[in-house]
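Single chain ahead, by itself, as structure tokens, in the form predicted alone.
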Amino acid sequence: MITANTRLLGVFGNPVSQSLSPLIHNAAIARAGFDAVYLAFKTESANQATESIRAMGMAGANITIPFKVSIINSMDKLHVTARQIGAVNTIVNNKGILTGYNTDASGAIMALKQRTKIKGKHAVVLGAGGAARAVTYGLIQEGAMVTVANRTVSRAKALARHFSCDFVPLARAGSLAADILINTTSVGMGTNKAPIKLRHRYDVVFDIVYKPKTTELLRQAARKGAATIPGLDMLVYQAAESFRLWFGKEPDVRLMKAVAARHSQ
């Protein structure tokens, strides 16, 4: 039962109607026995999100597209990883002090490590937004060589400069001779579209889009014999890390995975 003492958490973004985060987190919260609730909030700006967090006295929040980078300017503090990445996807509210964290990087790396070794591999990252920054950071920390590919080349160049890696136009990504391909764009969300046409056989293809569970990009990859990683894996692992930051307790990750799988298409 929700009372005046119930801790409020949530996800802010635009759009958020497709988000599985409320289902995943509320299941984990109930299993752990905490008096808390997690909701989805559509917002028009990063400032609006942080103003809402403060006004409602929320214990914390997740930030999703397209505000992971712009939200940084509204933080009181930044964890070192979020500062190095240049993007925030998790906020902890400690008595009105908002601290920004990034759990996308660890979530992506955990998903990848279930399927492949990372050190010494060449990875191509599609996109140049907040998720791309987190994934690129995580890959480099694990010893991978990274090439960033984006439709707007200037954004790919800026991200590559930030992490001292290579970049190419998006149109070239499908033909690059690399080991790992990761899509961090929203192309494919709720549609049968893919950000690129695969011409090269990557060993592993990872799409962080989780609705549908098997995207067109993953179908292309499977036809070429690649190992595929659905976005649900990263979603659950980054959510589990956010849960730890808010509650200081390990969530039931198996339950979170089961809930995510049950409600994905």
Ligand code: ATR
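All values reported here derive from a predicted model rather than from experimental measurement. Numbering starts at 1 and runs along the sequence shown.
Heads up, the form predicted in complex with the ligand isn't pictured, but that's what we're talking about next.
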Okay, which stretch from 171-179, 144-152, 94-102, 76-84 lines the ligand in the predicted complex, with non-hydrogen atoms inside 4.5 Å? 144-152
Exercise: residue 127 in contact with the ligand in the predicted complex, heavy atom 4.5 Å: yes
When the contact criterion is heavy atoms within 4.5 Å, does residue 187 count as touching the ligand in the predicted complex? yes
Does the ligand get within 4.5 angstroms of any non-hydrogen atom of residue 58 in the predicted complex? no
Should residue 65 be counted as a contact of the ligand in the predicted complex, where contact means heavy atoms within 4.5 Å? yes
